[in-house]
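What follows is one chain in structure tokens, specifically the form predicted on its own.
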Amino acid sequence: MVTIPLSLYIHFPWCLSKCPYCDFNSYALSDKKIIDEYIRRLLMDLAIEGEAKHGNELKSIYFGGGTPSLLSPNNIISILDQIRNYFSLASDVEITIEANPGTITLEACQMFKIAGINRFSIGIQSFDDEKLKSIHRAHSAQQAIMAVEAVKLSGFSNFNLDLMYGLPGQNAASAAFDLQIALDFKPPHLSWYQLTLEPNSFLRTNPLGLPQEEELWDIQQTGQDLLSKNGIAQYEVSAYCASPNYKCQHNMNYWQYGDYIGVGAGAHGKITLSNYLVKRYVKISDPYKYCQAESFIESDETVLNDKLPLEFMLNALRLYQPISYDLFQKRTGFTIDAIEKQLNYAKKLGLIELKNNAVIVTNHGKNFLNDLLEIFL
């Protein structure tokens, strides 16, 4: 069987406060004493995963949350040391930490770099104080600016700025102004995506005065034109980079149907077994139960082979690049004929083209991605 690339995701479930639009597995941190116990359990979780001998070297490590920048550099060192005890790391391994403004300083950034972090992802969301207040973010625009400057002054050449559009009271002009502030920092990577009120979030049941569909379309078109003029290319539904070298390798592995280990409360994992059977699992989501339970696994399942072609496409279609027939076969064990019916239907609707042994999403398909994805559900 072909070797499947492997990544590692580590979840830290606490934030300074819970954002009302968020339905991630995150909680307001009320007692810092729990962090030491959580780290102890994380190290145990890592050891169990390491002893399972999943095989390949790690191509990326991602500290997500929550707000993992609340961890100390010593915490990060302990975790990375444990990882190295059980896994080999690629020579160009990408090690990302998510950070919220207000939780990082120049000194902290420098220490994280010494600890082994080589990529920051900063949750800016907006550089407009009014917009930040409207979605109840805990930081100010000035703190956001200081956070980006700290990361740059610390010598990080690889970092991501996370921005939202479609915020309350926003129009195309104000969204572009917000985006231009981010571009002035010359970020190698940008995540720019629409505010979505998730089903379990507070704001879903307490809606704000959000821009309507026509205004959202103007915001999106204006923003994408601005990004393009600044040499920032879109390579995924909500991801943009200054050059292919700055694509988020961790997320690329997800979208290209690679394998990943999940460690921490609520973390998900996907491992390809022999004969292309796929095992999926979820760790216990409640962090307090995670710190006490005998087993870290909350649920798991084995995905049968005939589900893999459709699962692959639901991931790969997010990427703005051709999907080669060869990659499809390497990740699923099937030839492209396994989804011939769906491909022909999508082609008939003008959502994709089939040429050079690859599936290519058309501009029409990009604009109606949900319609395209539904064909493969």
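From 1 onward, residues are counted along the sequence shown. Note that the structure is a prediction, hence the values are computed from the model and not measured.
Beyond the structure shown, there is the form predicted in complex with a small molecule, which is absent from this document and is the topic of what follows.
Colleague: Hey, of 251-259, 189-197, 282-290, 226-234, which bit sits against the small molecule in the predicted complex at 4.5 Å between non-hydrogen atoms?
Modeller: Going by heavy atoms within 4.5 Å, the stretch is 189-197.
Colleague: Of the residues 272, 96, 170, 125, which one places a heavy atom within 4.5 Å of the small molecule in the predicted complex?
Modeller: The residue from 272, 96, 170, 125 that makes the contact is 125.
Colleague: Is there a heavy atom of residue 162 lying 4.5 Å or less from a heavy atom of the small molecule in the predicted complex?
Modeller: Close contact exists here: in the predicted complex, residue 162 approaches the small molecule to within 4.5 Å, heavy atoms only.
Colleague: Any of the heavy atoms of residue 332 lying within 4.5 Å of the small molecule in the predicted complex?
Modeller: Result no; residue 332 lies far from the small molecule in the predicted complex.
Colleague: Please determine whether residue 65 contacts the small molecule in the predicted complex, using a 4.5 Å cut-off between heavy atoms.
Modeller: Close contact exists here: in the predicted complex, residue 65 approaches the small molecule to within 4.5 Å, heavy atoms only.
Colleague: Would you check, heavy atoms only and a 4.5 Å threshold, whether residue 368 touches the small molecule in the predicted complex?
Modeller: It does not: once the small molecule is placed as it appears in the predicted complex, residue 368 has no heavy atom within 4.5 Å of it.
Colleague: If you check in the predicted complex, do 21, 24 and 100 all have a non-hydrogen atom within 4.5 Å of the small molecule?
Modeller: Spot residues vs the small molecule: full contact, yes.
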